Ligand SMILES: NC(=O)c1ccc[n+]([C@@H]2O[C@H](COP(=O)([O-])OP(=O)(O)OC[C@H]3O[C@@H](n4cnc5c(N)ncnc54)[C@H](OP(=O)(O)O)[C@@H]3O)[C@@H](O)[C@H]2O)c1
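Take a look at this one chain, the form predicted alone, written out in C-alpha cells.
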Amino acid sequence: MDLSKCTVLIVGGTSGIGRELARRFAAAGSTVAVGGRSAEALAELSGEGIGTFEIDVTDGASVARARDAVLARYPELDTVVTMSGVMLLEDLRTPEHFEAAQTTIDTNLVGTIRVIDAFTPHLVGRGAGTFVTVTSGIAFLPFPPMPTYAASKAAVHAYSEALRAQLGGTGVDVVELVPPAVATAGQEKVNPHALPLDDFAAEVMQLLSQSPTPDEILVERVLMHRWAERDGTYDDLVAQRSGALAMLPSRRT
C-alpha cells in the first residue's frame, strides 16, 4: 500500500489507535477522513486538517448518511478502515451481562458489517481499493473477563476471511489489523504492560507499506496470540489469563 497516495476513511478514529493511525496516514501524505460520535474529538481532528464525519455504527441510517457525505466530499475514496469497538467486562454467572454482550456484538461485529456494506458498492465500482478490518489478539487467545469482546473479534476475523474470498477478482483487498494490548486510555487500566501506542502505530505503518500488503497486519507483540494454537501454548496461556477473572467486581474478595 502506498501510504502517500491513499484517500482513507477511518471509522472509529476519534481516539486511541484509530486517531493515531489517522494522524500517521496524514503525515505520510494521504488524504484522511475520520468518522465517529464524539463532537469534541471530531472538532479537534478537523482543526488538524483531517476530514470529519459524524457516524454511529449501531445505527444503519447514520452509517448511510455518513457514507453519502463522505463520497460527496471524497469521491476518490479508496481505503476504508472500520474499527469502532467497545471492550466490556462481563460476569457470565449473572444475567445482567447480557446487555453488555448485545452492545458488544452490535458495535464490534454488526457495526463492522454495516460499514463494509455501505462502502462495498463504491470500492467494487471503482475496481480498486482496500477494506481494513480491526480484530484483536483476543480473537485468537481469549481474555476470559471479556468473553463477548473475544467472540465479536473472532467473528470479525472470520468475516474478513470470507469477505476477502468473495471480493476476489474485484480489485478490492481486505486487510485485517490484529492489535495486541496497546496503551490507549482503556488498555492502560487493564494491562500496564500494554505496547506503547507510538511503537504499535510505527510498526503497523511499516507493515502496511509493504508491497503486496499482507492479509494480516501482525506486529511482533501479537504473534504469541495469533499462533498460540499452532505453537501448542494455547491452553497454558488461557489458563494464565483466567487469573484476570479476579478483576470482575463479583469475584473480588
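None of these values were measured; they are calculated from a predicted model. Residues carry their position along the shown sequence, with the first being 1.
Not pictured, yet referred to below: the form predicted together with this ligand.
Check your understanding: Thr120, Thr130, Thr148, Thr107: which sits within 4.5 Å of this ligand in the predicted bound form by any heavy atom?
Key -> Exactly one residue meets the criterion: Thr107.
Point to revise | this ligand: the contacting residue among Gln206, Thr213, Ser38, Ser46 in the predicted bound form [heavy atom, 4.5 Å] | key: For this set of options, the contacting one is Ser38.
Point to revise | Non-hydrogen atom within 4.5 Å of this ligand in the predicted bound form for each of Ile17, Ala181 and Thr184 | key: Each of the three qualifies.
Review point. Wondering, does Ala100 line up within 4.5 Å of this ligand in the predicted bound form on heavy atoms?
Key: Because no heavy atom of Ala100 falls inside 4.5 Å of this ligand in the predicted bound form, the answer is no.
Review point. Any chance Ser160 has a heavy atom within 4.5 Å of this ligand in the predicted bound form?
Key: Outside the cut-off, so no.
Review point. Quick one: does Thr79 come within 4.5 Å of this ligand in the predicted bound form, counting heavy atoms only?
Key: Residue-level check for Thr79: no, no contact with this ligand.
Exercise for review: Mark Val175 yes when one of its heavy atoms lies within 4.5 Å of a heavy atom of this ligand in the predicted bound form, and no otherwise.
Suggested key: Outside the cut-off, so no.
**Study point:** Which of 241-249, 227-235, 21-29, 6-14 sits within 4.5 Å of this ligand in the predicted bound form, heavy atom basis
**Key:** That would be stretch 6-14.
Practice item. Sequence order please: the residues of 213-227 with a heavy atom within 4.5 Å of this ligand in the predicted bound form. Key: Not one residue comes within 4.5 Å of the partner.
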